[in-house]
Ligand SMILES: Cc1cc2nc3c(=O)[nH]c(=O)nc-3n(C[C@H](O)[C@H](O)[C@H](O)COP(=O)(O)OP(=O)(O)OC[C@H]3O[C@@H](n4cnc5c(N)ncnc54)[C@H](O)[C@@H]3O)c2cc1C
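The form predicted alone is given below as one chain in structure tokens.
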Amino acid sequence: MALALQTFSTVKDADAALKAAGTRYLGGGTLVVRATNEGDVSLSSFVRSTEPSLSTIAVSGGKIRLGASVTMAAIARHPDLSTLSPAARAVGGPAIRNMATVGGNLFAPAPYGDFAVALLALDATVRTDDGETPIETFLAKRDDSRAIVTSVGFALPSHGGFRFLKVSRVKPKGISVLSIAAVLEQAADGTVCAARIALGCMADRPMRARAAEKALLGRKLTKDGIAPALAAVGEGTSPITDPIASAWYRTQVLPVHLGRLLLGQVAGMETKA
């Protein structure tokens, strides 16, 4: 059976076409096209939309709106998104970043979807034609979603408030052993007054490290201050085992790399496992 490609000028029309059996939305294609090439016979047709808003980056008053078709390459080179550049550049090599999209990252299974980890830490909202949904809720229900994601929105954290780390065995474009994103707010005396920590590869999709977040509150980002958070970071995790690393290994290295991230010991966006 031939594989069809349907292109629509509006998301509304593409959404309607997706109701047919055997259809799948085509964004950048880095995962779904590969699956098809590897023998996934459940699809009969790709659906895509060329609506301009899907590729729009809007920055206003510290608020960011990224269209679902915005690529990692576009984010990495945008002058107002330098804070997010490490997370965007962590996704594959140059060819992949030219294709991988914001929307696709939301659906990417572990060990992929590093940018979705960053969006979870940033407390993003996910917009479809049905409205806006907190990203944590969206990720929990994504397997049942047939609605086309049109954009994500979030507020840029204060300078130095966002931190991101991808751990891989092969640099510069290896698959993740794990990824960590954190948004931290500190009081005048240096104590942490708010924290959001997101983890990749520690479940089948990005997840919050709530116990570690709670343990950081009221403490300073020193070796002793972060110790309770490092001890708690594995709570509630269910890391994957794949050819890159075992669940046991991911559990063992998670507190090590979280400690480096919190102490500011990470020189770049990616480090070797």
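Not measured: the values here are computed from a predicted model. Residue numbers run from 1 along the displayed sequence.
Heads up, the form predicted together with the named molecule isn't pictured, but that's what we're talking about next.
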| query | finding |
| --- | --- |
| Touches the named molecule in the predicted complex: H257 (any heavy atom, 4.5 Å) | no |
| Any non-hydrogen atom of G92 within 4.5 angstroms of the named molecule in the predicted complex | yes |
| 4.5 Å heavy atom contact, P206 and the named molecule in the predicted complex | no |
| Proximity of G225 to the named molecule in the predicted complex, heavy atoms at 4.5 Å | no |
| Contact assignment for the named molecule in the predicted complex, among M99, L184, A76, L156, heavy atom within 4.5 Å | M99 |
| Single option in I240, I244, L26, A232 placed near the named molecule in the predicted complex, where near means a heavy atom within 4.5 Å | L26 |
| Interface stretch in the predicted complex with the named molecule - options 186-194, 146-154, 78-86, 129-137, non-hydrogen atom within 4.5 Å | 146-154 |
